[in-house]
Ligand code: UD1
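In structure tokens, the next block holds one chain alone, the form predicted alone.
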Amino acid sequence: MQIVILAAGKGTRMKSKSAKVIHTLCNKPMIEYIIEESLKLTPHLDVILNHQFETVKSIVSKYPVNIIKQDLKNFPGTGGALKEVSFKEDKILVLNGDMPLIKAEELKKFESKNADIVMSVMKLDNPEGYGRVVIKNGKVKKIVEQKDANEEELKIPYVNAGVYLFKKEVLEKYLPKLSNQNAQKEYYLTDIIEMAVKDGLEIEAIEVDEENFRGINSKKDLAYAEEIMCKRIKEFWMQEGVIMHLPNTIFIDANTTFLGECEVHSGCVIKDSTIIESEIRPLSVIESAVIKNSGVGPMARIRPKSELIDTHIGNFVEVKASKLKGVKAGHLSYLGDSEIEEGTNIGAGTITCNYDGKAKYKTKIGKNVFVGSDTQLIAPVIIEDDVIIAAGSTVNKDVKKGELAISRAPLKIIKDFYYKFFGRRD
């Protein structure tokens, strides 16, 4: 079987500057889901592009697919998209690039059929926005796009789900016969159905599940689909042994991996990360990080390029582009562009001052260092092993092994100043 994915359109109903097929669900472009499911069935995959060609191509080209640029000027529409495809297999499965919830096991059902044309249909309570399938005496007569449908056709609840399987000879015969004499001046692939009916070809309809075959036509559709995809992702990881508390409140993207028994609490957001034998406590956000044998949160933020190993990160702690191993940072700290080694304790209110307005600099902290509360570490700076940094210090010089660093203004106590300032109240 050969699969062709139609992804050339502008997607104007999305009301976006970006091509529709690169809008993301769970942090992954929708076109990628369709390509990945298709490649489970066949290596023979063509993707038809046009709108924002180079941008979409840069995403699609990481897969082993054949990319074709549709000539929208001369051959617009779904039928026009197939005019430059070389049909190499006996059966051609045609998919739309805006159906990210589709599954390979469902597409395999098409391959098992032997009709001249196999098409997907679904029955909707509200078919607004979809092409209608006209069926008489149990047989498909034609498909009409909503913008070309008459009043009676608009009442039909059966809609075109947008997936077709054609025998090779059917496309070779009917594609050259397609006409663009319609309201939109486009070549419709659906017109092949009408021509095939007139010629007595066998057209078999497969009724499919609305959830998996629903297309994305608006930002509302996108949000709906993302909710379903996120649920699938979480269900997969729970089956793999991840504990999730109130999973409906948790967002986990398509690029996150869990290894071993992990625990994720309510309200967490985890993107593009690897979580290994760790606990992510409530309302924490983790992005592009590796968390191993560690506890994060509640209400912590781990930003990109961070790696935590055997580490405790508490509430209101932010870590960015840092590697922490065997570290405790319990609360209210910012650790950016740093390397911190085992046995080190970071006191509340500690900040690595890593940016001078022009460039970023690194802070290195060794083993068994005790950093007191309200400390500013002005990078670049190196704190060696077995160091104590007194609370309230500003450290702008390297500190050698075994030393105490303390930076404080002398404390002054002025007797009876309160009464001089406010006066006595008795």
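All values derive from a computational prediction rather than experimental measurement. From 1 onward, residues are counted along the sequence shown.
Here the subject shifts to the form predicted in complex with the ligand, a form of this protein not shown in this document.
S.K.: In the predicted complex, which of the stretches 335-343, 350-358, 318-326, 141-149 has residues with heavy atoms within 4.5 Å of the ligand?
M.R.: Selected stretch: 141-149.
S.K.: Considering non-hydrogen atoms and a 4.5 Å limit, which listed residue (284, 306, 273, 190) is close to the ligand in the predicted complex?
M.R.: Of the listed residues, the single hit is 190.
S.K.: Which one of 393, 70, 363, 38 is close to the ligand in the predicted complex, taking close to mean a heavy atom within 4.5 Å?
M.R.: Partner contact (heavy atom, 4.5 Å) among the options: 70.
S.K.: Given that the partner is absent here, does residue 13 sit within 4.5 Å of the ligand in the predicted complex, heavy atoms only?
M.R.: Residue 13: yes, in contact with the ligand in the predicted complex.
S.K.: Would you classify residue 293 as touching the ligand in the predicted complex, given a 4.5 Å non-hydrogen atom cut-off?
M.R.: Contact check for residue 293: no, nothing within 4.5 Å of the ligand in the predicted complex.
S.K.: Hey, in the predicted complex, is residue 98 touching the ligand, heavy atoms inside 4.5 Å?
M.R.: Residue-level check for residue 98: yes, a contact with the ligand.
S.K.: Should residue 314 be counted as a contact of the ligand in the predicted complex, where contact means heavy atoms within 4.5 Å?
M.R.: Answer no; every heavy atom of residue 314 is more than 4.5 Å from the ligand in the predicted complex.
S.K.: Within 4.5 Å of the ligand in the predicted complex, which residues of 118-133 have a heavy atom? Give them in sequence order, or say none.
M.R.: Those in contact are 130, 131.
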